[in-house]
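In structure tokens, the next block holds one chain alone, the form predicted alone.
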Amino acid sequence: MIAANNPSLKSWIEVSGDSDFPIQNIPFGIIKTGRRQPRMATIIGNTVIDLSVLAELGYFNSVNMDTSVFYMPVINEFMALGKETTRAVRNRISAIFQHNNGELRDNDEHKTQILCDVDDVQLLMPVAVGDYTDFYSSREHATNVGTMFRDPDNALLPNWLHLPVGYHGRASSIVVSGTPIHRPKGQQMPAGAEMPVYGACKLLDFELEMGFVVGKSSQLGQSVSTDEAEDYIFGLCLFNDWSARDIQKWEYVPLGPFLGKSFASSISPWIVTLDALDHFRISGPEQKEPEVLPYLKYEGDKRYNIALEVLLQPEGGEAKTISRSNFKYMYWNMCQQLAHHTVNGCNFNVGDMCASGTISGTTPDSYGSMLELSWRGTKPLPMADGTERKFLKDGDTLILRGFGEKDGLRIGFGEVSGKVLPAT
């Protein structure tokens, strides 16, 4: 067992029972306070821990590492130290904050410099994303979309059960939670029209996804196997891949999504390590009909039981849960996605990000997009204020949450939120 994962650990920092961030989590992110420059931090409960000051005061002297990474405005250089080092850092943080360790607990002067309330910091984009790939790996979602737009009896395209379908997305428009999103503009082809029109998107949607961050580079020409893949995955975050359905429908043939997707994706500010999620591994689906090719076969439990929730809050109104899903609804797991991505020799760089694709469950209340929840607009969703939603309106705020919970241990991601602003 990784020392920091011990379910019996307790912290001298107060942590509520429903917190996403017990001492067993120790995610990594970037904070800004006052006039100080952005720097690395972690969180326990609602208490943010400034890792740069923790290093300044000598608390990482026992770890063989370059502590200058804690002063960086993104966590890329920290991830690049390798899992042996980053795991040692997480174990050291765990030791410092255990309830029976007084080295910092009993030093009020140091605590004043190192600790602050989460409400007193600005949470910034944690990663400099160099490249971004979006997959399409939930069988339930792909079946729903295929049923709506093609033949219900042949909802999945011929390649879907043979490989993790994906496309190269836009990294520059990935933003941190809280960043407002302007309604995109582009071409659309109205029903029955002979010519496209230009204007603001009318069918704005979200997509409930999880993202993983690459923490180890691969070389051009190198293929990473499913057995090796976890060495390259540093951690996960919540991921909202905003979508303009009407723009996407007109443009996607023959090369796939472009303006309908590239305008924005939102991520949660804390990157939860793959190590911290070890407790929530579960087995995957049978992949024998058809049987997957040898390079996509894997051993062990590679899926994760992470409960997911989507809330929609109208402007000035009350937030309402519109979907409850789970990361376990993945036909293709992260190791298969990474192995497929590199099988042609494509290289990964530290900080690259991959998203799961929309995660939909087996029941209508577990679908991961407005497209499915309203079934292409035919089943509007009632809001608490008496209004209805087929797709997102200006002023709406979309909130995604997620956590794993087992044997009394809860590890979560916080939330990712974004408010829809009118088109510029």
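Numbers follow the displayed sequence, beginning with 1. Note that the coordinates shown come from a computational prediction; the quantities given were computed from them, not determined experimentally.
The form predicted together with a further copy of the same chain is left out here; the points below concern that form.
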**Complete:** None of 297, 279, 168, 111 but one has a heavy atom within 4.5 Å of a further copy of the same chain in the predicted bound form; the exception is 168
**Prompt:** Ok, 221, 190, 152, 316: which has a heavy atom sitting within 4.5 Å of a further copy of the same chain in the predicted bound form?
**Reply:** 221
**Message:** Taking a further copy of the same chain as it sits in the predicted bound form, is residue 304 in contact with it (heavy atom to heavy atom, 4.5 Å or less)?
**Reply:** no
**Request:** May I ask you to state whether residue 115 is within 4.5 Å of a further copy of the same chain in the predicted bound form, using heavy atom distances?
**Result:** no
**Request:** Mark residue 287 yes when one of its heavy atoms lies within 4.5 Å of a heavy atom of a further copy of the same chain in the predicted bound form, and no otherwise.
**Result:** no
**Message:** Residue-level contact is defined here as any heavy atom of the residue lying within 4.5 Å of a further copy of the same chain in the predicted bound form; does residue 291 satisfy this criterion?
**Reply:** yes
**Message:** Among the candidate stretches 170-178, 70-78, 232-240, 101-109, which one is within 4.5 Å of a further copy of the same chain in the predicted bound form when only heavy atoms are counted?
**Reply:** 170-178
**Prompt:** All three of 28, 38 and 202 touching a further copy of the same chain in the predicted bound form at 4.5 Å, heavy atom to heavy atom?
**Reply:** no
**Prompt:** From first to last in sequence, which residues of 337-362 have any non-hydrogen atom within 4.5 angstroms of a further copy of the same chain in the predicted bound form?
**Reply:** 340, 341, 343, 344, 346, 347, 348, 349, 352
